[in-house]
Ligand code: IMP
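Before any questions on how it binds or moves, here is one chain, the form predicted alone, in structure tokens.
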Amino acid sequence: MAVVRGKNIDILFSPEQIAERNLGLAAQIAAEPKTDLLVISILKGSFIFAADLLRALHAVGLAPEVEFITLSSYGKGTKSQGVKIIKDIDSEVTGRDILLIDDILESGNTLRFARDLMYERGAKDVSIAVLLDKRSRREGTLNADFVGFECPDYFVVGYGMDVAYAFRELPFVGVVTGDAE
């Protein structure tokens, strides 16, 4: 357990576990043939995972280009649920292999939107890497190609993930369990 900002946080995945898993993910990704690989990090939550995974990809011999996209879900819980682009990528994707990186796969709506968008723009192949897969929240059949960890049905923070913009800086993934005494 850690105490941060006066809150108790139970650690689910330690910095050491995450670092080891990032190397394993990089090896899995590198084992598949790639054509002009473009890695796209979905902001904001994935920025730390993406940085560490990119360094791991370099360590296993890949040298992808890197882009960032910011997407926002709206209408959650309504029939008009959707995703909009807040900040788009600048790179051409036609004929390229794309690796989307996100922090957590829950409902799948945002990643499905991003994947479909890349295919609409002419991507050759689109694969998905996520740090956490929370299958209990999935809407539909989207699955990630590369998964760091299966995530229990908790609201998690750390390693880029936040609650009200707090706790992103933590080097681990954890669950806020209450106020520290």
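All residue numbers are counted from 1 along the displayed sequence. This structure is a prediction, so every number in the text was calculated from the model and none was measured.
There is another form of the same protein, the form predicted in complex with this ligand; it is not shown, and what comes next is about it.
Colleague: Mark Leu57 yes when one of its heavy atoms lies within 4.5 Å of a heavy atom of this ligand in the predicted bound form, and no otherwise.
Modeller: Answer no; every heavy atom of Leu57 is more than 4.5 Å from this ligand in the predicted bound form.
Colleague: Using heavy atoms and a 4.5 Å limit, would one call Asp10 a contact residue for this ligand in the predicted bound form?
Modeller: The answer is no: Asp10 has no heavy atom within 4.5 Å of this ligand.
Colleague: At the 4.5 Å heavy atom threshold, is Glu106 in contact with this ligand in the predicted bound form?
Modeller: Contact with this ligand, yes.
Colleague: Decide whether Leu53 counts as a contact residue for this ligand in the predicted bound form under a heavy atom distance cut-off of 4.5 Å.
Modeller: No, no contact at 4.5 Å.
Colleague: Check for me whether this ligand, as it appears in the predicted bound form, comes within 4.5 angstroms of all of Lys134, Tyr154 and Asp162 - heavy atoms only.
Modeller: Spot residues vs this ligand: full contact, yes.
Colleague: Only one of these stretches, 60-68, 25-33, 108-116, 121-129, has heavy atoms within 4.5 Å of this ligand in the predicted bound form; which one is it?
Modeller: After filtering at 4.5 Å, what remains is 108-116.
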